[in-house]
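Take a look at this single chain, the form predicted on its own, given in structure tokens.
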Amino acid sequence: MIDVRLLRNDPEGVRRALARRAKPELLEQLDIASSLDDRLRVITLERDDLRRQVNELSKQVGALRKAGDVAASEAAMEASRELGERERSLAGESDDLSASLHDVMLRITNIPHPDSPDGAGEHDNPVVKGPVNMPATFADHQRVPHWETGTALGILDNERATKISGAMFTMQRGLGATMARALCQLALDRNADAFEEVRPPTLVSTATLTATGHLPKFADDAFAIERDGLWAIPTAEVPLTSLYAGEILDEPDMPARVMAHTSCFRREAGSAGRDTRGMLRTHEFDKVEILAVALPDQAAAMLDELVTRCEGTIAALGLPYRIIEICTGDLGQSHHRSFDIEVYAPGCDRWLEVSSVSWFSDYQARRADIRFRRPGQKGTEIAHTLNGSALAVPRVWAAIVENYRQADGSVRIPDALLPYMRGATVIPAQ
């Protein structure tokens, strides 16, 4: 969440920054937060003054009793009781206001980076690199949707996946499953030089999902295990961010770098009938995430590094791709600055988002209470968090099947995946 002190000290600056997100309801939330905070500060001052008076009266009672002045002692005790009742009432109101303010602050989005391009929505996202590896033309045999090719080759069996689990679940088989696993291993190996591999839990607590900004705002898009008070993770970003929740890191140990290959679960609320064919949108998928907890002055360079790493994996697969920067009106709730990598799928005739790389400034770390300490300085500071999709399987898999489809209906395996394919170089036509 944003720092409430920033809202107090520079309310107009915060309004101008959030107005760039082109969502009027955000400014209404800011007004509510400011009003709650103003009332809370007034009550806190009055409560603290009452506590001071009660303490002074307690001292007077003792002195009066010692002096033998019973009447004055009892009068002071009565005054103390009346003030104490008022103080307790204010303390309860303070607690209620604090809870309300916290709830509103959890829903207020992050402040966009000054360099994030202005825009109202996804159609305003500028292309900042590419297209790269884009051929002048595509052959007719590449213009076949991956769900048709996958079914014909026996490597995609969504019909049985639906029988097992319901709509919007997918299943890869044979060399299709091998290729899905190979993609994840490729992403892990390409980042193992700098990132510690972690296999975190895929079920997390409410506090963990709140720390990244997925709750309370996006509860409808998450799978909940209500009996146990747990949630299925929508991305490994969630448990990786909370690795350091409530901890104080030492400056020399930063940036802390971790990566994870996990299954991810998303309800995809409101997407019924949209992009649900093949592998484009699914409730469960595998992804490799890379994440860093950095010093504020390391964050910009780390963002560039994460983009370069994620781009490098897509480039190594030989897929046509481009990089777009996310405009202010399309930024996610927690995002400070973001870039997406998209690949072109000729069978779908679409650019598909396959990687999102984001800098969250101190927004997530403040929610998770991740701090760092500088040597020789008193106190601590809030860290910055960043992450990137090193590789998300479904759309990359789909793009490979379409781009690498050959005239006989087979699919050639990209060279970068060959070490992981148990000797297979092609997915043969049936």
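None of these values were measured; they are calculated from a predicted model. Note that the rigid core is defined as the largest set of C-alphas that superpose within 1.5 Å between two forms. The first residue of the sequence shown is number 1, and the count goes up from there.
Omitted here: the form predicted in complex with the RNA. The next part is about that form.
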| property | result |
| --- | --- |
| Heavy atom within 4.5 Å of the RNA in the model of the complex - the one residue of 254, 315, 134, 248 that qualifies | 248 |
| The single option of 277, 81, 129, 141 touching the RNA in the model of the complex, heavy atom within 4.5 Å | 81 |
| Segment that reaches the RNA in the model of the complex - one of 357-365, 57-65, 22-30, 385-393, heavy atoms within 4.5 Å | 57-65 |
| 4.5 Å heavy atom contact, residue 45 and the RNA in the model of the complex | yes |
| Partner contact for residue 373 in the model of the complex: the RNA, 4.5 angstroms, heavy atom | yes |
| Residue 224 within 4.5 Å of the RNA in the model of the complex, heavy atoms | no |
| The RNA contact in the model of the complex: residue 51, any heavy atom under 4.5 Å | yes |
| Contacts with the RNA in the model of the complex - residues in 378-401 whose heavy atoms fall within 4.5 Å | 378, 379, 380 |
| Core-superposed comparison between this form and the one not shown, residue 377 Cα displacement 2 Å or beyond | no |
| Flag for residue 27, CA shift 2 Å or larger between this form and the one not shown after aligning core | no |
